[in-house]
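Take a look at this single chain, the form predicted alone, given in structure tokens.
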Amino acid sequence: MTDTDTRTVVLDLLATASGVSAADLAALPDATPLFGPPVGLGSRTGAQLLDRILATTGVDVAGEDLALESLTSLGALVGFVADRR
């Protein structure tokens, strides 16, 4: 699977968790934070996102990134998942 495919999968999962469309998420810069505007994840939706990423990609973000630095931005999350697929 390519990095582009991984980005699409992560954006789709993020869209489901956040309620922001995948198209709107794709237009955001990689430095966009996941928590707070414009993505708007909270602790509950963040946990749901991590569960969906694990179920869909097999990447255990919470288990492999104990400091959860991969959740600081859109690009960090996509890169983390892409590196481990």
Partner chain sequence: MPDQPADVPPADEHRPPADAVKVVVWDLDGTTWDDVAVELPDGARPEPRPDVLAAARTLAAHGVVSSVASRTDPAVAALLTDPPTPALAALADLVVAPRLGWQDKSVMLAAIADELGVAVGSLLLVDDSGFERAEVAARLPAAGTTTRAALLADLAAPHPTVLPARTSTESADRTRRYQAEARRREAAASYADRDAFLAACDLRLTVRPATPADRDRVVELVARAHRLASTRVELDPASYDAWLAAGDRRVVVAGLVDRFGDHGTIGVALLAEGDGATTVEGLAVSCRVAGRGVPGAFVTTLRHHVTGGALALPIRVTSANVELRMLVRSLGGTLEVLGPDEVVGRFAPGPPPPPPDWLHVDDRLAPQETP
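Positions refer to the first chain, counted from 1. Quantities reported herein were computed from a predicted structural model and do not represent experimental measurements.
Another form, the form predicted in complex with the partner chain, is not on view; read the next lines as being about it.
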Problem - Contact flag, G46 vs the partner chain in the model of the complex, heavy atom cut 4.5 Å - result: yes
Practice task
Indicate whether the partner chain has at least one heavy atom within 4.5 Å of a heavy atom of T16 in the model of the complex.
Solution key: no
Exercise for the section: Please check if L71 has a heavy atom lying within 4.5 Å of any heavy atom of the partner chain in the model of the complex. Expected result: yes
Practice task
Would you please decide whether L50 lies within 4.5 angstroms of the partner chain in the model of the complex, comparing each non-hydrogen atom pair?
Solution key: yes
Exercise for the section: Name the residue from A62, L11, V20, A76 that puts a heavy atom within 4.5 Å of the partner chain in the model of the complex. Expected result: A62
Exercise for the section: Any residue of 21-38 with a heavy atom within 4.5 Å of the partner chain in the model of the complex counts; write them all down in order. Expected result: F35
